[in-house]
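In structure tokens, the next block holds one chain alone, the form predicted on its own.
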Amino acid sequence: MVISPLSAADLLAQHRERLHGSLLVADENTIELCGSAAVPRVVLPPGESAKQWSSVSRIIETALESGIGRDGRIIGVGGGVICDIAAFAASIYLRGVAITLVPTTLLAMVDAAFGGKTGINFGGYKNMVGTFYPAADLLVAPSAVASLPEREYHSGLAEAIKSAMLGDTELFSLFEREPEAVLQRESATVRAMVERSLAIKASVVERDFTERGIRAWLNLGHTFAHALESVAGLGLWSHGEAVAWGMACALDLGVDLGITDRAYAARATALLERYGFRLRADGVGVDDLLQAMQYDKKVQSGAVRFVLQRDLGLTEVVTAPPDAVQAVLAKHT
């Protein structure tokens, strides 16, 4: 992993040796970062709508036409969607070629690009098809965050706050103590968010790469979030917006079940509110959300499991009575 003060374009240029025998995958917003190198490329539309089989098919077809061999690589330059699609395609093309990821959004830097999860949406449900396939190289340029649209930056903040909740008291305090520096994207603050979030994720992933146990903690809020994204329509809520809403739901569910400390839940919810996240999904049907949860990847023996917390850094996965889940959803819709 390389975390560099260079721009994404300069970082990629610095590692130009990776371009030989490679296929670039980007979207219409990030292709300009790839420069004019004479290498084959696939340019996808931006956003969640690209996260489907047809995009993977385009990548594989272009790789075949371009003669990318087992010793070649795919280079994904973009946000979480591009990182997920490019890595998934790399994992199944020729039974696996190297993948280099150059994340260009805060969400991708702190979460999507690292850890080896790949995937696409299927049947209207989030990340239903995917693999575990870690990037051979991860090139991170936190300076790219400065040019992100406000909503995109905001989306990444939710995942960084989640990282803090999972066990970094200093990062959590930074969010409470320095909201102006966070919101103004001060370079040192952004770098700290990226580095500390990656450290938290690494500490979990290295102990449970294929999510047989504690890696599920990284899905704090995600059972609720993925259901919301699916029911509302993929892309209508950004992933980070949905995760923030989902974490608020998880905190309330934990309190209702006597698991989560009330003072901690109030503190964490106040932090989400301080950064302007919507904690109500007005107009979304509770029954629809409950049905979508049945497709969550943490379902075991027909029971939906939720990642809840006792306190900051104290996380566990539990099943919950349907009526308790329904009550929480009613509060947040």
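Note that residue numbering follows the sequence shown and begins at 1. Keep in mind that what you see is a predicted model, and the values were worked out from it rather than measured.
Keep in mind that the form predicted together with a small molecule is not shown, yet the notes after this line are about it.
Original post:
Hey, of 29-37, 52-60, 304-312, 276-284, which bit sits against the small molecule in the model of the complex at 4.5 Å between non-hydrogen atoms?
Top reply: Looking at the partner contacts, the answer comes out as 29-37.
Original post:
Does any heavy atom of Arg196 come within 4.5 Å of a heavy atom of the small molecule in the model of the complex?
Top reply: No, Arg196 stays farther than 4.5 Å from the small molecule in the model of the complex.
**OP:** Give a yes/no on whether Asn127 approaches the small molecule to within 4.5 Å in the model of the complex, heavy atoms considered.
**Re:** Judged by the heavy-atom cut-off of 4.5 Å, Asn127 is in contact with the small molecule in the model of the complex.
**OP:** Please check if Arg73 has a heavy atom lying within 4.5 Å of any heavy atom of the small molecule in the model of the complex.
**Re:** Contact check for Arg73: no, nothing within 4.5 Å of the small molecule in the model of the complex.
Original post:
Is Val81 one of the residues lying within 4.5 Å of the small molecule in the model of the complex, judged by heavy atom distances?
Top reply: Judged by the heavy-atom cut-off of 4.5 Å, Val81 is in contact with the small molecule in the model of the complex.
Original post:
Given that the small molecule is left out here, which of Gly213, Pro149, Gly123, Gly96 has a heavy atom within 4.5 Å of it in the model of the complex?
Top reply: Partner contact (heavy atom, 4.5 Å) among the options: Pro149.
Original post:
Ala160, Ala181 and Thr189: each with a heavy atom within 4.5 Å of the small molecule in the model of the complex?
Top reply: The answer is no; none of Ala160, Ala181 and Thr189 reaches the small molecule.
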